[in-house]
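Presented below, as structure tokens, is a lone chain in the form predicted alone.
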Amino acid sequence: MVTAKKFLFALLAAFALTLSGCKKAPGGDQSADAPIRVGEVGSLTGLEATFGTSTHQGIELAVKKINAEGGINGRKVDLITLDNQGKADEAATATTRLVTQDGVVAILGEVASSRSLAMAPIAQSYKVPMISPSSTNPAVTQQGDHIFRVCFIDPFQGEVMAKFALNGLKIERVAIMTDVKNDYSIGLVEFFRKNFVEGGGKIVMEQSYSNGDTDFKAQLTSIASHNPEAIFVPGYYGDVALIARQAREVGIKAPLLGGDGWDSPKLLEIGGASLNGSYFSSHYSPQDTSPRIQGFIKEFKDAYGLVPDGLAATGHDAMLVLADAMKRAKSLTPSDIRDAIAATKDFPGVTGNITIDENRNARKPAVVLKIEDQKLVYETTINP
């Protein structure tokens, strides 16, 4: 005779089995003719929508090229893209869905470090490799052995801008504005400050703000009273553009310095002439004459009618690095793909030759771009 307790247990077990049948195991269908499902999580809407759009276009262009050339071992790549609306919780939800419902073999994303940090523990827990195109905070890849990136990291980017200020611009007195709600901004300030001070520079004033603020005049007025030779603002393009305009309004003539979070067409659209004379580090320069870069730019312009920014380039590289790893992998299971990504050496990317180091970070150069006459102008390349 079945007891009520045993009946309830059996009923719950059957229900759980039914639910599990609606989900796909990480890696999905591995049959020879099935498409290879790759997930992408990005901010296609929200405050940093150009980040997600540019990155997606770079990834999409790579997928089209891969499929046109026969795919991966005869299997086409099926890109599944989810919008996180610029929110960390949505990025985490999207990652879970891609793994448990869509059965992806790998995930590309995110651009913002805060959102990558929300995604990485989930990808790691399911043992699905994740490649961030351009999250530079060191903590991202520290989440586990399945988490990678194809961009440089903030210790290097901070060092690049500190040394450029000291040696390139001969600047000794700098003020800093930090976005205190942004892991990217906080980390980049830490490494810039350390290298700038160790190099003999002085931080004359530090102020803070929060992503999405619109009035920065109180902070800038305080900074102006300390007469800095430059202001380091490692934020995202929307905030930086407003800060630049308001800096000029309070009488600050010093240049602004920043990182790759500036890299968006919207930066100059919003900031205009107030950004002239400012500098930021990024992943590549469209002015580079190498055939590899100019070929990518032509393909991108043909597809989207635009010159690709640095985020489009890193998105493109992330997908190509993944495809290269899948071609070399023992099988197209997530674990074998992970091992192949980790073994990447001197891959010829748009943003430079990419080698994945023992911490799953990319060793590669950075470029410094100058804003001149409301245009981006190549200034210099700095190698690790």
Partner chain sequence: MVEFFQHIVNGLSLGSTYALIALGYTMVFGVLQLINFAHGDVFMLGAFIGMYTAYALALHTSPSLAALMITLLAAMAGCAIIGFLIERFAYRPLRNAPRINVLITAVGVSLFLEFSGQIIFGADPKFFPQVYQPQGDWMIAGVRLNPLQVINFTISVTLMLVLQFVVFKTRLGRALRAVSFNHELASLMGIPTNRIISLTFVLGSILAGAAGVLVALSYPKIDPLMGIMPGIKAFAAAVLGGIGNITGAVIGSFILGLAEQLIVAYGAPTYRDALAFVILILILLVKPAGIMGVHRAEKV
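As the structure is a prediction and not an experimental result, all values here were calculated from the model. Residue numbers count along the first chain shown, from 1.
Another form, the form predicted together with its partner chain, is not on view; read the next lines as being about it.
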Hey, in the predicted bound form, is residue 217 touching its partner chain, heavy atoms inside 4.5 Å? yes
Taking its partner chain as it sits in the predicted bound form, is residue 49 near enough to touch it, meaning that at least one heavy atom pair lies within 4.5 angstroms? yes
Touches its partner chain in the predicted bound form: residue 269 (any heavy atom, 4.5 Å): yes
According to a 4.5 angstroms non-hydrogen atom cut-off, is residue 213 in contact with its partner chain in the predicted bound form? yes
With the partner absent here, would 45, 239 and 245 each sit within 4.5 Å of its partner chain in the predicted bound form, counting heavy atoms only? yes
One stretch from 222-230, 67-75, 298-306, 160-168 that, in the predicted bound form, holds residues within 4.5 Å of its partner chain by heavy atom: 222-230
Can you name the residues of 54-87 that have a non-hydrogen atom within 4.5 angstroms of its partner chain in the predicted bound form? none
